[in-house]
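To begin, one chain is listed below as C-alpha cells, in the form predicted alone.
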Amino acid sequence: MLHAKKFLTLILTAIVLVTGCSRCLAQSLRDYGDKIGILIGAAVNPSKLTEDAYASTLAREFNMVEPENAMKWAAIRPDQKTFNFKPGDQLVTFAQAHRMKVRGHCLVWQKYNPAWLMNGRFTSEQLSDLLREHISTVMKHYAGQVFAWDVVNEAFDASGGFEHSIWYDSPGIGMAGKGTAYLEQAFRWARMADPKALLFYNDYDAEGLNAKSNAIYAMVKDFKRRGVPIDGVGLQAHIFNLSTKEISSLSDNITRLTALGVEVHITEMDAGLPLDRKGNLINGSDLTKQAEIYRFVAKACLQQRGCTAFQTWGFTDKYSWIPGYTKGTKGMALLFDETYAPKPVYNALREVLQQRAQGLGRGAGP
C-alpha cells in the first residue's frame, strides 16, 4: 500500500496533468516570499481579525503585518496618562500565532493625533517631554515583538521642505527652523527605547526621483554620515493613476537609498481604479493596467537586495481606504476583491515572486 503522503502527491499531480490546472497547486505570496527572503505584508485592522475570511486570507498569504491605525497616537493614547495597547496587542498575538513579523506604524506624525494633544496649549518643552515619553513607552512595550518602526511619517512636503507640524513649528519641540533636527531627535529617542528595532522614515509621493525624494535622500545621507540611527526608508506607493510614469525612476531611487546602507520597504502599496457613481468598475481593462503597476513596483523592489519588504495598505477591497478618500470615484485598489477572491493584480504579484524564486533556484544574482 502506498504511503498516504505519496498517494496524495500522485493524486494532485494527476489533477494537474489531466486538467492543466497548475493553480490548483499554487503557492501563496507568503510561500514565495519565504523562499526568496522577502517580507510580504499587509496593513491590518485588528477588529477585523474575528472575520474568518479576513484572518485566514491574511495568515495564508502574508508573513508580515502592520496596524493601519492601532499604534498611532490617537488610537494608542486616548488621554495624556493612558496608553491603550489592546488592539495592537491583539495584532501581535495573531502574528505570533501565525509566524508573522510585525511592523510598527507610527510614532511621529502631524496627523491622527488626539484632541487633548492638539488643543492642549503645551509649551515646546512639554511637547518634547511628551514625545520622548511616548516613543519610549510604546517601543518598550513592543520590544522584541515589533521588529521595525516607522519612527517618523510624512514630514516632508512636495517641494522638499517641511510639513507644518505640532512637533516641528506649531509650537514644535524646540527645533523649529533647524531642518531635520527634530527628526534626528525622534530617531535618537527611538534607538534608546529599543536598540534592536529597525528604525524607518516613511513617506508618500517619494517613490521616484523628485524634490521630496531628494530631500529624504539628503537627510538619510546626512544621518548616516553623522551616526544618527536610521535603518531604512519606507516608500508608500499609493498610486492614484493607471500609469508608471511618475514612478518610472523608482528603481534608481531604491538603488541610491540602499547604497547608503539602509533598507527600503514598500510600505503602503495600492492602486485605485476609476468607478462609476454606483461603485462599479468603468473599464474592465483597468484591471490589467493595475496588475502591471503592481508588477512594476514589485520588480523594482526585488532587483535590489536592500529592498526587503513589499506591503499593501490592506489586502481586500472590502476594507480599502481608497473609496472614502476619493469620495467614491476610485476603488478596487487591492489584491483581493470584496469576497476575498484573488484578482489579476494578485496573479501579477505572485508571478513576479515566483520568477524570482525560480531565478534563485538557477543561481541567479540579485
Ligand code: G3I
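Owing to the predicted nature of the structure, the values given are computational and were not obtained by experimental measurement. Residue numbers here begin at 1 and follow the sequence given.
A second form of this protein, the form predicted together with the named molecule, is not displayed here; the remarks below concern that form.
Visitor: Answer with one of 263, 154, 205, 194: the residue that has a non-hydrogen atom within 4.5 Å of the named molecule in the predicted bound form.
Guide: Only one listed residue qualifies here, and that residue is 154.
Visitor: Would you mind picking the one in 85, 147, 112, 116 that has a heavy atom within 4.5 Å of the named molecule in the predicted bound form?
Guide: Of the listed residues, the single hit is 112.
Visitor: In the predicted bound form, which of 127 to 135, 220 to 228, 235 to 243, 183 to 191 comes within 4.5 Å of the named molecule (heavy atoms)?
Guide: Flagged stretch: 235 to 243.
Visitor: Under a 4.5 Å heavy atom criterion, is residue 28 part of the interface with the named molecule in the predicted bound form?
Guide: No, residue 28 sits far enough from the named molecule in the predicted bound form that none of its heavy atoms falls within 4.5 Å.
Visitor: Taking the shortest heavy atom distance, is residue 72 within 4.5 Å of the named molecule in the predicted bound form?
Guide: Looking in the predicted bound form, residue contacts with the named molecule include residue 72, since a heavy atom lies within 4.5 Å.
Visitor: Does residue 68 reach the named molecule in the predicted bound form, with heavy atoms at most 4.5 Å apart?
Guide: Residue 68 belongs to the contact set for the named molecule.
Visitor: Examine residue 54 and determine whether its closest non-hydrogen atom to the named molecule in the predicted bound form is within 4.5 angstroms.
Guide: Residue 54 lies outside the contact set for the named molecule.
Visitor: When you measure heavy atoms, are 105, 313 and 321 every one within 4.5 angstroms of the named molecule in the predicted bound form?
Guide: Heavy-atom distance to the named molecule in the predicted bound form: all three under 4.5 Å.
Visitor: In the predicted bound form, which residues of 265 to 282 put a heavy atom within 4.5 Å of the named molecule?
Guide: Contacting residue: only 268.
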